[in-house]
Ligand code: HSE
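Here you get one chain, nothing else, as structure tokens; it is the form predicted on its own.
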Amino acid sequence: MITITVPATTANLGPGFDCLGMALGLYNTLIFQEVPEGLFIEVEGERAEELSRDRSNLVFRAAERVFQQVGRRPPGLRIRLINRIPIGYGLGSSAAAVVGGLLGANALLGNPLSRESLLNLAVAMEGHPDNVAPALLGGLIVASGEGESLVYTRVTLPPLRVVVAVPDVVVPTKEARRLLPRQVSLDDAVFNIGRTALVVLALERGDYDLLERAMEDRLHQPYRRRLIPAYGEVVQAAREAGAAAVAISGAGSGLVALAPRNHEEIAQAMRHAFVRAGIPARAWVLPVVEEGATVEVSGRR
């Protein structure tokens, strides 16, 4: 029996579109077991009733990538999914499914693939590294490129906590990407390059004054914010409660806020701002976690 634990992630972090991501302390658990024949998938937790239990399930599709790559597969497979990461709100639920499926299949076969190879497979499935890299490796990841051309590094951070507010509004990633322009001006590109470098430095130093000035973006948030009802009111509420910076998490609709203190107050302020606009919402205060996905085999880690 293989047990995989995969953290949630928040990607982009304002200007770092498709290249910045952090692992957060909220986890999905996946349990893989070889059986004599057949495919059996059990799902519980977030949106369990909506997820497929056949070969179209994303976790199984990721596992199948490993089986095809290695050229071996178990005679049958049982997968149990315990989903705690909200699905469709920009917290890396699909990345967690992909990473979990890859790790589970690899462990069942005796770990023939390295983590580097698994990361490349994950990026190939997701199309970009900003969620899958921190889900697999933990911490803050800066990454660029795709597949075999991927260049990435982990950034050592001081202890950080992040406020996450999730309204009851699902934003499909495809819809969020459809809104983005195919071309941007040179000025906007240069603006985001500079701000992304500053965001990384601010997080590494725990410099919230710099983060407040750096977490601006011209490439995706001005277009995606229209998909999030009460976006302006929630951002204002977070800032009034003490947030240094607020950003759309991934493609949304979740928002993340960073601050040196008052995290619980900020979480409640953001949730209440959504509720005042007639939108049910949830909020968490989550640590940034340095350890990514873990694999436990028969009680051994």
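Keep in mind that what you see is a predicted model, and the values were worked out from it rather than measured. Quick note: we count residues from 1 along the sequence shown, nothing fancier.
The form predicted in complex with L-homoserine exists for this protein as well; it is not shown, and the discussion that follows is about that form.
The closest non-hydrogen atom of residue 225 lies beyond 4.5 Å of L-homoserine in the model of the complex. Taking the partner from elsewhere, residue 254 is found to have every heavy atom lying beyond 4.5 Å of L-homoserine in the model of the complex.
In the model of the complex, none of the heavy atoms of residue 111 sits within 4.5 Å of a heavy atom of L-homoserine. In the model of the complex, L-homoserine stays beyond 4.5 Å of every heavy atom belonging to residue 78. The chain is drawn here without L-homoserine; in the model of the complex, the stretch among 127 to 135, 98 to 106, 150 to 158, 203 to 211 whose residues come within 4.5 Å of it by any heavy atom is 127 to 135. Interface residue among 84, 72, 177, 115, judged by heavy atoms within 4.5 Å of L-homoserine in the model of the complex: 177. Annotation for 14 to 38: interface residues with L-homoserine in the model of the complex are 17, 18 [heavy atom within 4.5 Å].
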